[in-house]
Every structure is written in structure tokens, then in C-alpha cells.
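Only one chain comes next, encoded as C-alpha cells, the form predicted alone.
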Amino acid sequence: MRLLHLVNGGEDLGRSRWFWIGFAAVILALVALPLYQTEFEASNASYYLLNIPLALGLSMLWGYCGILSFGQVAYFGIAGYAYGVIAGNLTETSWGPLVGSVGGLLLCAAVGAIFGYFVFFGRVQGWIVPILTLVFTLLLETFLGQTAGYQWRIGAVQLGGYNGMTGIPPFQIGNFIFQGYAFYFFALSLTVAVYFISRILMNAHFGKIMIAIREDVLRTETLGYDVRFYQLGVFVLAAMLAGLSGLLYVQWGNYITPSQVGLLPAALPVIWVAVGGRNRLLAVAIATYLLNWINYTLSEAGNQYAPVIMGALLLLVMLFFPRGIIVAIAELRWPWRRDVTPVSVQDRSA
């Protein structure tokens, strides 16, 4: 009962019976989608899902805890390159991809913990954090771009500079390789699991502390909470979720380049979260899926308008929908809508 209470808490969209019926219907539709698609189309559908963990991590960090970060794609790249190096050097064993996945997540956690320690325990002011995370991302992109020489080889794996790392092994457990349809179901399962875990966390006491920190850091400290510890905790969690998206990306495409951690990719997660509604996890997940679908579809057609559309959406949100477009749509007075999600202090002041 306690778990059901946390799942059905008020810190996300939807709590009614009809909401959960609709939610289950959408999940069943996503499960059935490959029945009407080719394996190539199912692989493309996996791409729309794999960035959702990254966006959910940024939502918890920014929307619930009030810490804006442009550095999530840095952990995306760290996990992707770490996986490529580890799995690429363990091709003789079927467990190499699993070891590479664990290694990539642990490296993200370690880098996030070190970076976050100096930021939060050093009492860096909030407005400086986005700048520091962006600088960290651009430095990582610059470094990875300079690794084109033969000397930039780790074991049997060449980092590749701006040409990127290619031939990255797909994910497998034992002798079962996750490709095509199998990878789609793997990505869908992970995404749904991450969403529910994130929802439970934000409805639990941990989430309440995050919201308290966002609203008033000093008051939260006077209540006896070590604000720096909680900020570091959510920062590391967001780094690991970004790393999970990076793992899924390299397992999907079998390559990664420094451009994946450049300036534009650093801004895109902020747009996904802002368009959805930064303190509503489900809205963020929906916006991330839809915007990735739009971006991929336009890119596949050779259209160069995707960055313009993303920028226009961000401007639209800033001017007219400060709480997010998906949240604004969800909170319209639909005839069948009976549940009203409590509005936070930040929402009332938006």
C-alpha cells in the first residue's frame, strides 16, 4: 500500500482511475507498435525513447530541486565512450557489454560526485552552476575532438577524434543480443522503469526535500537538512540517468562522436524539459518523445529546420507557457478529467 501511495502521489500528472487506464493503454500501444513496423522502423522508435531517462534526470535536478544544468550530455558522452572502450576490449567474452554498461554508469556517478562536491560543498551560487556545467561540457567536447591520432587508443579501441568511435558492440546478456525488435522492448522497459522509480522518488520524502530546497534553501537548512548532501545526491542521480541514455544511444547506433556533447545537444534537454513542464515527470517524458520524433523525422528527410523549431518552442514556452506546454494541455478542464493535481508554490507564482 505504501508503494501504491507513492506511485499515486501528487508531484506528477494524473492520479485518477481514468488516468491510469489511459496510461496502461498507451503502454500497451507502445508494446504492440512493433507488430505493425519493420525492424528498421522499430529501431528508429527506440531512438525516441532512449533520451527520456536523461530528461527525467534533468527534470528532477532542475524542476524539483531548482538546479539548472547544461552538462547532462557530458555524462551522456562519458557513459557512451566508457561503454565503447570497455565492451570493445572485451569482445572475446559475451559479458563485455554488461561490464561496459556497469562501468559507464559508475564512471558517470564518480565524475558527477567529484564535480558536484566542489560545486555544492563549495557553496557556488546557483546562477553560476549552469555556466560551470556548460563549460564542463564544451571542454569535454574539445578534448574528445583532439583524440584523432593513433596514440589515442585504449587497448584495441581507437577514440577517433571528431570522426568518432565506431564499431561499438551492441548490448547483450550471455548469448542474447539486443538488436532490432529486442532492443526496442529493452529500451521501452528501461524507460518505463526509470519513470516509475523517478515518480516514486519525487512523491517520497526525498522529493519533498528537493521541493523545499527549490523553494527556500535557507529555511530547509534551518529545519536540519544538509542541503548540500541532497543537492549532491540528486546531481549524481541525474548524471547516472544521463549516462543511461548515453549507453542506450551507443548500443542503438554502435557509434558516438564528440558532436553528441556539443553546444546544441547541451541545450536540447533543457528545451525538452521546459516544453513538457519541468516539475512534472510525465509531461517531460511525453515532450521528450515527441520532440525527438520531430527532430529525427526532419533530419531523416534532409530538413535543416529542426534547430529552428526547437528554438521557437523554447521561446514560446518562455513567453506564454512558463509551466510547460504539455502541463498546460493536461490541466485544461477536459470533460472526463476529475482529478486535480495540487499546484505547488512555484506553479502559483509562475
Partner chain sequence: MDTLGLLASILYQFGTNAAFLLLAAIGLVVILGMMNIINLAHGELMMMGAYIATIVTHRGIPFPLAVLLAFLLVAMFGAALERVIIRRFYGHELGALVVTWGISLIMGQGTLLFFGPFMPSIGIPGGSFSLGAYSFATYWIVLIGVSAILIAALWWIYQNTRFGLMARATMQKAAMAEALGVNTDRVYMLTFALGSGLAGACGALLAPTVSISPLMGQQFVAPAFITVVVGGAANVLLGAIGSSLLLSAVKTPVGLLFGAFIGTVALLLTALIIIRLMPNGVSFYLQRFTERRVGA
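Numbering follows the first chain given and starts at 1. Every value quoted in this text rests on a predicted model; they were computed, and no experiment measured them.
There is also a form predicted together with its partner chain; it is not shown, and the following applies to it.
Screening Leu132, Leu201, Leu188, Ala109 for any heavy atom within 4.5 Å of its partner chain in the model of the complex leaves a single hit, Leu132. Contact with its partner chain in the model of the complex, defined as a heavy atom within 4.5 Å, holds for exactly one of Ile325, Ala42, Leu314, Leu290, namely Leu314. Of the stretches 83-91, 190-198, 269-277, 172-180, only 269-277 has residues with a heavy atom within 4.5 Å of its partner chain in the model of the complex.
Looking at Val102, you'd find every heavy atom of it more than 4.5 angstroms from its partner chain in the model of the complex.
Although the partner is absent from this view, Tyr117 contacts its partner chain in the model of the complex, with a non-hydrogen atom inside 4.5 angstroms. At a distance threshold of 4.5 angstroms between non-hydrogen atoms, Ala113 is out of contact with its partner chain in the model of the complex.
Within this chain, Leu68 lines the site of its partner chain in the model of the complex, having a heavy atom no more than 4.5 Å away.
Each of Gly126, Tyr305 and Met318 places at least one heavy atom within 4.5 Å of its partner chain in the model of the complex.
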